[in-house]
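Take a look at this one chain, the form predicted on its own, written out in structure tokens.
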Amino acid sequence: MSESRNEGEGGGTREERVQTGIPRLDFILKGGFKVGGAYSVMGPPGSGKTILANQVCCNHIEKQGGRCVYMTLLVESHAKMVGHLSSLRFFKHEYLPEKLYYISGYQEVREQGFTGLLELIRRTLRERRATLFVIDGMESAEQLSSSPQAYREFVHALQTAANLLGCTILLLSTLRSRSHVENSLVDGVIELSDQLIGPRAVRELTVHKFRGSDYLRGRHEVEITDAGLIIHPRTEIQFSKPPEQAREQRVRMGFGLKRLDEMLGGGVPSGSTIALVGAPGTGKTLLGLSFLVEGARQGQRGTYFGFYEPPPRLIEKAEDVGIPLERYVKDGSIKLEWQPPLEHFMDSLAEQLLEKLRLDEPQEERRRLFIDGAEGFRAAAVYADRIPRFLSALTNQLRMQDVTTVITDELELFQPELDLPTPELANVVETVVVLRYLELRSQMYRLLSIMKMRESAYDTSLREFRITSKGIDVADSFESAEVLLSGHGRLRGSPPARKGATRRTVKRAGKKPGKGGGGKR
């Protein structure tokens, strides 16, 4: 993902970088920090500044053979800091003190001012042959300065000294304004934030400035785990420039349900995305599982990515209606990836999904994916207005990998109108299939219709379908649906239809089907 060197156009100039080794931070910084540069890392207590700096130090030692000096100015004691870091996997005690050297500079700056502190820094960096230098607690140095100009000159002298020694500097401080004097001098400014958004505590990273290089702008989600910091770039900016096309030859991917596949002209085109929309219990999950099993029968690998039903429940549910899911899970043709209904980050979910597809399956195979359902991403979203761009970027990336995707979206249970919770989903997918309940004489019936299918002819008729112990049975014509509708049926939750009104509904629903009659190419 990242490179330690970037070659210029003429091949003569090379720009060395200090890789952070923090997942995806090097991707955001287009390779890492520039060697010899000075960077400000600011944020409130608890936002992860100390962990970030120590993680960069340890990764720099491990991956690039670097040597690091970590200076503190009136922050927590070294013993306490090392004790806290010991629980994180990146931290290694064997680096102390030879490769990672902790030192306090507070006594020098308090008694001898910036002159004494600079002398201590120059001497330590030379003796330790440091390639990365961290000062934690820059706000203390500023408070002890005689004037803003004195602090400005100190930061400038620090940069000069480190640059001469080829050493990269990270200056850690509490949150400051973007126009702070320090930020105008350094080569880059990174902000870590930690705030409550609704009931959720959300950490984010923002790069405000990175001199002489491109970088990914905007806020990116941050997680702190036992592996240290993990950054999740926004999906829509991470994949903002997708390749123009995927595989040339496309094939039809069926559901294994003869009549439904006929309605779809043989199945959905490979590399496309289909949305199954319906109220809870209408059969969306079973149709999606049928899509995966049909692929497995044809030797195509499939992945289930869901949020609600754990794998044993899912297998039991499928087997109860005659869908042989278990055998294909056992032979590895279908993988079940269940996300427990906990607090997730939307971009983290997308990364998990895309990385599993990249790592688990050979790129040359046609693959099937069933996402059950879109509301799992909505629940994980911190900013709801990101959903349309997020879904567009995710589905585009899946197309680029030639993955044929079925994604479900749930309607309200008592809702006669077709009001999609994510209206933008209908715009980013190629096909929309709607599943609905019909209530008639104290009985519930299921109806299915194709509302949209790009690049293909399709059957526009409304069909009844049943879920039995022998599988999913779609009616072979629109007539059964017409009979149901003409029998004064009404959509669940809607008021009983008057006779005259029912006749008008039947006339519309009973339109003679003809492949391509209402579809688009």
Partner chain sequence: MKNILVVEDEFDVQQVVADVLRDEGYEVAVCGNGREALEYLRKHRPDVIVLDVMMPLLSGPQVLEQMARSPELKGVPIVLMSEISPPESEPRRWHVFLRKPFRLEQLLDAVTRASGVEGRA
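Positions refer to the first chain, counted from 1. The shown structure was predicted, so the numbers you read here are calculated from the model rather than taken from an experiment.
Keep in mind that the form predicted together with its partner chain is not shown, yet the notes after this line are about it.
- The closest non-hydrogen atom of residue 340 lies beyond 4.5 Å of its partner chain in the predicted complex.
- Remark: residue 76 counts among the residues lining its partner chain in the predicted complex, judged by a heavy atom distance of 4.5 Å or less.
- Its partner chain is not drawn, but in the predicted complex it has no heavy atom within 4.5 Å of residue 115.
- Its partner chain in the predicted complex comes within 4.5 Å of no heavy atom belonging to residue 130.
- Just one of 120, 438, 293, 434 comes within 4.5 Å of its partner chain in the predicted complex, counting any heavy atom, and that one is 120.
- Among 103, 444, 227, 251, the residue placing a heavy atom within 4.5 Å of its partner chain in the predicted complex is 103.
- With the partner omitted here, the stretch from 103-111, 173-181, 326-334, 141-149 that lies within 4.5 Å of its partner chain by heavy atoms in the predicted complex is 103-111.
- Taken together, the three residues 387, 397 and 423 all stay farther than 4.5 Å from its partner chain in the predicted complex, as judged by their closest heavy atom.
- Of the residues in 18-45, none comes within 4.5 Å of its partner chain in the predicted complex through any heavy atom.
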